[in-house]
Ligand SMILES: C[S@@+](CC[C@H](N)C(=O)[O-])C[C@H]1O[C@@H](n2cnc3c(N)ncnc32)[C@H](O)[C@@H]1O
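This document opens with one chain alone, in structure tokens, the form predicted alone.
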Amino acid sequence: MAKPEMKPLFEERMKKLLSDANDFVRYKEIVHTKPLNYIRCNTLKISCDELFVRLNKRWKVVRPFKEHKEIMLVESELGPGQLGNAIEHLLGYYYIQEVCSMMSVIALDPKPGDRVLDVCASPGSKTTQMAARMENKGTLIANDVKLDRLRILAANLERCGVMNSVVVRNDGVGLCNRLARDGFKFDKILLDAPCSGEGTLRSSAKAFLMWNVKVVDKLSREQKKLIANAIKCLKVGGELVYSTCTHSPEENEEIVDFALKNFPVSVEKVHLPLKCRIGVTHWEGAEYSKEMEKTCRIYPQDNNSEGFFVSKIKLLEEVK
């Protein structure tokens, strides 16, 4: 069944972001194709090499990134549910995760022993990825606001053998407010914010139908509240990664620019294994700092992936 076409206003906005006509044609073509089958090895339970050998007995699996052996691509044709029903998945040896989704944690780079906050954690793809990088050492607070989403998060943490996490239920703004008030500060914070989902067109036909510019503006206001309160929870020298699965500058560069103009933070250059385009510095009459060029825009046509945005900021001095 063919996916719906883009809404006219969304198409117009994407043409402005992708000003080259051929570039937009490539984008429009790829969002109507199925996403690739990426998985991430859960090194809390099995080594990358062991899983790679094991899976290749059943499917054709490749590792596209030399420095990130945990990222694997299943090239074999798969039936519905085949990846999710495999014994290795049920045992927590791997997590089914789109490659773009893995970039936030690669950018944040949490270490064993760090104190880390995942503000919007469910379903747990990035939380389990952080726990693996931390080798289950340190403290990882995983928060979400909805009970049904927390159940999914808890189930994924258990399946993947995560032992250093504390699951809490709060709205992100309220949680960060309380933590900052009580002096509980973090080395690293992941704010993978709720967004309009423009980057998920390949996997979700709903994204075509539900897109609305009023929703983009509403989410932008909420994202500013989230990042403002999350920054207050950082230690001096601590880092926060802000990411979304959308393309709209109102939800991406505008949020990072807001943080830069209102808090003692610097924007750090993001280095990722995927092809990144620099962030935009002007959009619909708004001007953003040149520092936005250090942020990363991931487009589907560049990486045969979904769409994503990744940025990283560092706190330079105490926030009262």
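What you see is a predicted model, and the numbers here were worked out from it, not measured in a lab. Numbers follow the displayed sequence, beginning with 1.
Just so you know, the form predicted in complex with the ligand exists too; it's not on screen, but the next bit is about it.
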Within 4.5 Å of the ligand in the predicted complex, heavy atom basis, the matching stretch of 108-116, 206-214, 186-194, 234-242 is 186-194
In the predicted complex, the residue from I71, C120, A86, A154 with a non-hydrogen atom within 4.5 Å of the ligand is C120
In this chain shown alone, the residue from L226, A132, I141, L179 with a heavy atom within 4.5 Å of the ligand in the predicted complex is L226
- Each of E253, R277 and Q301 near the ligand in the predicted complex, meaning some heavy atom within 4.5 Å? no
- Item | Contact test in the predicted complex: G124 vs the ligand, heavy atoms, 4.5 Å | yes
| query | Might N170 be said to contact the ligand in the predicted complex, defining contact as any heavy atom within 4.5 Å? | reply | yes
Any chance K146 has a heavy atom within 4.5 Å of the ligand in the predicted complex?
yes
